[in-house]
Structures are given as structure tokens and as C-alpha cells.
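Single chain ahead, by itself, as C-alpha cells, in the form predicted on its own.
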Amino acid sequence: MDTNVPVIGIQNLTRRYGRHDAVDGLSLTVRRGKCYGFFGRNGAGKTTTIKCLLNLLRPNSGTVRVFGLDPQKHETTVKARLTYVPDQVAFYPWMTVGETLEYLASFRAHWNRDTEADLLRRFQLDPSKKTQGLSKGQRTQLALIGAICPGPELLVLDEPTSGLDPIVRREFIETVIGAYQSGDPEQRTVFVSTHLISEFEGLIDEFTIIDQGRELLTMESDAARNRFKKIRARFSQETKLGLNGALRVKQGGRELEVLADGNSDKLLSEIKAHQPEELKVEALSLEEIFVVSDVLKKSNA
């Protein structure tokens, strides 16, 4: 195993439906042992990209590599080393929860029974219950158990928590994914497509934001937090400032809020020149960076 080979390597990927480019020249690299966030609005091309990774769709052009292998030519080898949880999951309705896990385990060289028992307990899933009687959230929980127990090198998640209630979502994200990576942190990689960005805030090492099938921003999370800042100021009286180079400026009475893109020191100097009563600077969260990416798109247009 060459640890220098990216777990996922996509170069100039294009996948179209008719005349519509669902993915348009997308490139990204996911390094081993990272939790990689893949962000975008509905219809941005996230699921299409994932399906190309898994050889569920064929690209029109560009290259896709998983573990350095072409998933079209080495599908069995690639899929033996990863697990995938789609946004909509389904099981054979006549099987019980326990039978379903036995069935999934039969395809895997390794299966962690301790992890299975622990997750069944955490999710309060009855192994004797038929899958046809499970709620959407319970089916998602079952799919997540089936994905984590083999201890794959790559865990691919497409909106993995969409059917879970808030308490279970947080436990899954903080405990289950955390435990999965801690089992072998240098080798286990997570590629997660989600719109619930705030709930993955502490886990994402690097991310790509896409819009209309194109890359809008790719950064390491710590670098993004250092680059994008929110500046809040309050003045003794109503003050109007002309702040050139700010991503966004909100002014109302004595209050000022400014979003900075790598130029927070310059903007702070301009604000301080007007002697504010209060001045606060904080890093944007990944979710806030995703929200302001629309502004970035307009500025780059």
C-alpha cells in the first residue's frame, strides 16, 4: 500500500445529462486519514460525483481514481476497501435487522462484532425487527452500522444524517465517526457530502465547495478559518464607513458587521481609526464560509 497515493483523485471530471453538465471540470484530491467535506446546494453535482467514484455512473470526460485505481477497471478491488451510505437506503423487507447485518457481513473479509453490538445498543435497534417496519431514521442507522463494522479504508457518506433526529445525529457524528477514524487514524478516510455543515465542524480537515458542478473553493479547514473573519464594532454614535475590499458590510445605527476575506488586518485598521466603543474579531465557521461562498462566486465572475 503506497501511503503517498491519494485515496481519491479526481481530475477535470465532467458528467452530463443531455445538454446539462451536472459536473463540469471538477478536480479534487483527498489524502489518506482525513475527513473531507464536500459541500454544495441541492443539485450542485455532489451525488453525481460520488456515483462516478463508485462506478455507478460513467464520466463523459476526465479521470477518477480511488486508491490510485480506476473504479471502472478495478471495481471489485476498489469496493472491497470502502463502504458507502447513500442519502436514500433500502433493505430486503423480509429480513430482520440482525439478518441484514449477517447478510452484509457475508460480503466482507472483516467484520467487528463488538462495534455491531455497541452501535445496535446506542441506536436502540432491535435485531429481531423486520426492516420493513423501520422508520427512515432507523434505516439510516442500520446502513451506518453496516458501513462502519467492516472497518473500511474509505467511508463515503452522502447526506448520512438526513433521517436522524438531532440527538442521534450529534452522537453519530461525534462518537461513531470519531471512533471509526480513531481505530486507525492514519489509514481511515471519510468523504462526506452534507448540508448539515455545522454538525461536522470539528471533524472536517479539508473541504471543497461546488456550485453548478464546478469547484468554488477548496481549503484546509484551519486555513479557511484563518482567512475568513467576522468583525463586529459598536460606535458611540451612528457612523458610516466606506470599507473597500470587504466581502460584506452590514451597518445599522451604531452597529457594524464586516466579513473579511484575508484582509482583516487592513479592515481593522480602518475601523479602529473611527474609535469604536467595542470591537470583536472571530473566525467564520465552515457553515458561514459556505454561505458567503455565493459572494465569492459573484466576485470571481
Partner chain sequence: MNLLLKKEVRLLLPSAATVLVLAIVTPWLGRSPYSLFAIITAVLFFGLLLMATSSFGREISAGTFSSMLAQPVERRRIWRVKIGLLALAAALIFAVCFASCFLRIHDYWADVPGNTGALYLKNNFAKAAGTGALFALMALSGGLWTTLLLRHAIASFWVAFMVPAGVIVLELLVDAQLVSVLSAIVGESSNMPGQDPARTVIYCGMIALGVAYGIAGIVFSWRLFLRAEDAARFGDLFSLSRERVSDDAAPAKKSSRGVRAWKPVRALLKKEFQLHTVSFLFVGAFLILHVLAILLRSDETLLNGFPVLQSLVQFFWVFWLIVPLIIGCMVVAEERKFGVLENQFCLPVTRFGQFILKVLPTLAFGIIVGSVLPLALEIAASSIGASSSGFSNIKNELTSWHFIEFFIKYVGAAAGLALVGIWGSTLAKNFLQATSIAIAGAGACVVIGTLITGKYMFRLFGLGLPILAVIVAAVVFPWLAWRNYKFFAESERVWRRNVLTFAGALLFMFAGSTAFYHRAWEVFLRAEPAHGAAKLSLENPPKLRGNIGSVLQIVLPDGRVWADTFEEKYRHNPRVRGFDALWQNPFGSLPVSQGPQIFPADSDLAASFTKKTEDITLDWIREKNLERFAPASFAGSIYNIQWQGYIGNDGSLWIGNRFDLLKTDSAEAKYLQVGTETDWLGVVTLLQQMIALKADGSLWQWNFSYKDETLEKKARVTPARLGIHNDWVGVTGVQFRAVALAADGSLWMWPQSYDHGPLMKKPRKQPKRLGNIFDAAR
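Residue numbers count along the first chain shown, from 1. Since the structure is predicted, the reported quantities are computational estimates derived from the model, not experimental observations.
The form predicted together with the partner chain exists for this protein as well; it is not shown, and the discussion that follows is about that form.
J.: Would you confirm whether the three residues 232, 258 and 290 all fall within 4.5 Å of the partner chain in the predicted bound form, going by non-hydrogen atoms?
T.: Result no, not one residue of the spot touches the partner chain.
J.: For the chain seen here without its partner, which of 223 to 231, 171 to 179, 82 to 90, 206 to 214 has a heavy atom within 4.5 Å of the partner chain in the predicted bound form?
T.: Within 4.5 Å of the partner lies stretch 82 to 90.
J.: Only one of 243, 56, 268, 69 has a non-hydrogen atom within 4.5 angstroms of the partner chain in the predicted bound form; which is it?
T.: The option sitting close enough to the partner is 56.
J.: Name the residue from 162, 218, 198, 112 that puts a heavy atom within 4.5 Å of the partner chain in the predicted bound form.
T.: Spelling it out, the residue with a heavy atom inside the cut-off is 112.
J.: For residue 254, is any heavy atom within 4.5 Å of the partner chain in the predicted bound form, or not?
T.: Heavy-atom contact with the partner chain at 4.5 Å: absent for residue 254.
J.: Would residue 108 sit within 4.5 Å of the partner chain in the predicted bound form, counting heavy atoms only?
T.: Because a heavy atom of residue 108 falls inside 4.5 Å of the partner chain in the predicted bound form, the answer is yes.
J.: Any of the heavy atoms of residue 135 lying within 4.5 Å of the partner chain in the predicted bound form?
T.: Close contact is absent here: in the predicted bound form, residue 135 is far from the partner chain, nothing within 4.5 Å, heavy atoms only.
J.: Can you work out whether residue 144 and the partner chain are in contact in the predicted bound form, taking contact to mean some heavy atom pair no more than 4.5 Å apart?
T.: No.
J.: Using a 4.5 Å cut-off on any heavy atom, which residues of 33 to 51 would contact the partner chain in the predicted bound form?
T.: Stretch hits: a single one, 51.
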